[in-house]
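First, one chain by itself: the form predicted alone, in structure tokens.
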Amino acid sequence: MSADKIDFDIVGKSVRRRDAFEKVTGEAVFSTDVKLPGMLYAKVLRSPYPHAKIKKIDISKAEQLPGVKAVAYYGNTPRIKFNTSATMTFTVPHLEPVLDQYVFDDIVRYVGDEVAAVAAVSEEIAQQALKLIEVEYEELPAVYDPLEAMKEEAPHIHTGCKEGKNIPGDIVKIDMGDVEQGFAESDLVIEEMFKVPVQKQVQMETQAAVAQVSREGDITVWSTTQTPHPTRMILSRAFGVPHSKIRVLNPPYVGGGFGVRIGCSAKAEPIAVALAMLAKRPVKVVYTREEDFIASDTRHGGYVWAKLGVKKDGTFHALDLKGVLNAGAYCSFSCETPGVLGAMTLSVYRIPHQKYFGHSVYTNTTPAGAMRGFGNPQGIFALESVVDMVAEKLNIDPLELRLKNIMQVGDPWCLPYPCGATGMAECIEKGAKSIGWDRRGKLNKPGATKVRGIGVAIGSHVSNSWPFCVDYDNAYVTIQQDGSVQVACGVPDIGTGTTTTLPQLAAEELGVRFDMVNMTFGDTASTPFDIGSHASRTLYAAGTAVVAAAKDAKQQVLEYAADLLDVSAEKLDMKDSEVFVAQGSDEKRISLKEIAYHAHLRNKQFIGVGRIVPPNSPTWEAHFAEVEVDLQTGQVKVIKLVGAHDVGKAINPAICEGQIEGGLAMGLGYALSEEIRYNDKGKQQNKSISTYFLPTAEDMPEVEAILVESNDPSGPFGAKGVGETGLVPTAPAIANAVYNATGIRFTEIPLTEERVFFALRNNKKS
């Protein structure tokens, strides 16, 4: 079926989510709910120091405590290095893998690093046993800022860094045109440095895993991972066990992801497996909320420099971008994230001369990894702030400036895949109308103590992780003997509606009712390989595989029916679970149920296989914010947020809108309140929801999600990704609105009351 098909039967409809009733009634099963016979409970001893060598560890007293069945530490667990991320270990062919972690090590590199773990008959006994483990530490020098960590006098956190002190992996360099020439030819050049914070995913379910090891050495792991198949590969490496002897599955649901579980769920899976091997009983590991904050990946904080050169008429001519991100104590996704920061930021506008230089730096802080947007929000905050600065200098409306320079289909750019479709102009126009852009500059009266402003920012993102890493998808579509349909695909449902939208695609392609399609998902034992749910790829990439499998199954059915109806297969089609003659006047038809059972009696079943290397497609989004700033207290209140998104084709509009609204909420927190800070001892100061200042429902302004459909030629039925895009340009839209209200340009987020208050006071003095 083509993307421009008009008479969709199920695609484009907001059908009820398949997981809705289970979740609202509390019947849905998550990793934290899994219980097995004889199961033990684990607790982890974590480092109180940001950097130290373990000189001595004595676990004997803990082992002797009644109820304790195993104690794991570096002395009795494998000494095989691995990486907890799903991509770096096995799936980035152009990068040398950075393997810098053991299950347990004799050096700890951040407050919260794993020292040992206990499995006992109860959580209480396991917690008590932790206090009996005696550890002698030798404190080592520590460093917390990435710029400081590159200095000659900084301590080595990991040795063997080939690009420079404490720099994991490769430096990312992107060049197009001649940047120096571009700046020389520009009439105006604006340059600024921006600082971005450490943000936490704060998904509802903390990291968790249950591991069971059979007498034959077969390993089964129920976990919160977003990537069951790659996680199996990571565990295979860490424990030296063949892939075929490991099963990883969701049970079946995951309580949110936002990137923090792409690969291992922090170290929940390897710790559970290590303890299960020692105890010879199932072991359950569930992180507390504090552990989730201090010992699972965060968003990368750091620094971004943006230098933009433009012509007098507002034409963008040169862009020089640089990023230095805080990797934290271990690599995780710190090789890939700087690359996405550069590639996505450079791809928003037509700029003939572009350059990017970026990398991460090890520090003695919580490891940074994947989080919704994956480097893109950091870069876009810098770029879109500078674009507004250019608009002011040239006295050009910020909307006009953006519309003049946005990327168009066919324009040259730095990405290794084409721009197949763009609805960016429509996003800008519809978003501007919704926010009331024509009111901008007319909202305030002289002498007001609360002032309002309106801001805009735009962005792009991916619909898939290819071609940045190995990324292929497989799916099975099986026609059952009664004509119903079973889809099998290895992606989890992390709350994004996967188990609804992928069956919608299969139902549309096959021409069957939605309620005739069921789905098996998130289990390495019952689904073919898939890289998982991340990179805004699940619907786009896995959906492409599902459609391919459905086409295969459908073709098999049509060819079989051709003999029954005595007509060529090319003249047949399928709709409403019936095969009929679509060409000519012949009215022959037969139900799918009859065909499937007829084939069954003759020893045949229709099984479609989708084996694809998915393409990629840029998403486009324009965000608008209206804010109110209290000039006396520094409080920033967002009055309205608008997110206009080119989604290609909205397979399920309600789910698309939900993804955008959720992204806007996360972007609001990134802009105004969310940040993990460290004291001078390397301890995290924001390690609970109550101290982290996560926006709640009461903090949300009026929100409008606008869907723009450009019908991308490469996506399933024209669809693009939408999962991450909702927060990419939110923070700069809010910051630009604050500038519009106050005349103060903030180059550091979040815009806390304290930060805004002192800026207002200093501005008043000056």
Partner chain sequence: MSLKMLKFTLNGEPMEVPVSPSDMLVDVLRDKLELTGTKKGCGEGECGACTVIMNGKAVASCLVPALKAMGAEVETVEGVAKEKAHPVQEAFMDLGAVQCGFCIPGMIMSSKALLDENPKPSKEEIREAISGNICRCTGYVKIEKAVEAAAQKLQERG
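Numbering follows the first chain given and starts at 1. As the structure is a prediction and not an experimental result, all values here were calculated from the model.
Below, we turn to the form predicted in complex with the partner chain, even though it does not appear here.
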Is there a non-hydrogen atom of E661 within 4.5 angstroms of a non-hydrogen atom of the partner chain in the predicted bound form?
-> yes
Answer for F30 alone: is it within 4.5 Å of the partner chain in the predicted bound form, judged on heavy atom distances?
-> yes
4.5 Å heavy atom contact, K23 to the partner chain in the predicted bound form | yes
4.5 Å heavy atom contact, R16 and the partner chain in the predicted bound form | yes
Note: the partner chain not shown here; in the predicted bound form, the stretch from 192-200, 152-160, 332-340, 237-245 having heavy atoms within 4.5 Å of it is 192-200
Output flag, K35, A665 and T696 jointly within 4.5 Å of the partner chain in the predicted bound form, heavy atom basis | yes
Between the options I706, I54, V703, L65, which residue brings a heavy atom to within 4.5 Å of the partner chain in the predicted bound form?
-> V703
Only hit among I80, I590, I689, I171 for heavy atom within 4.5 Å of the partner chain in the predicted bound form is I689
Applying a 4.5 angstroms cut-off on non-hydrogen atoms, the residues of 254-272 near the partner chain in the predicted bound form are V254, G255, G256, F258
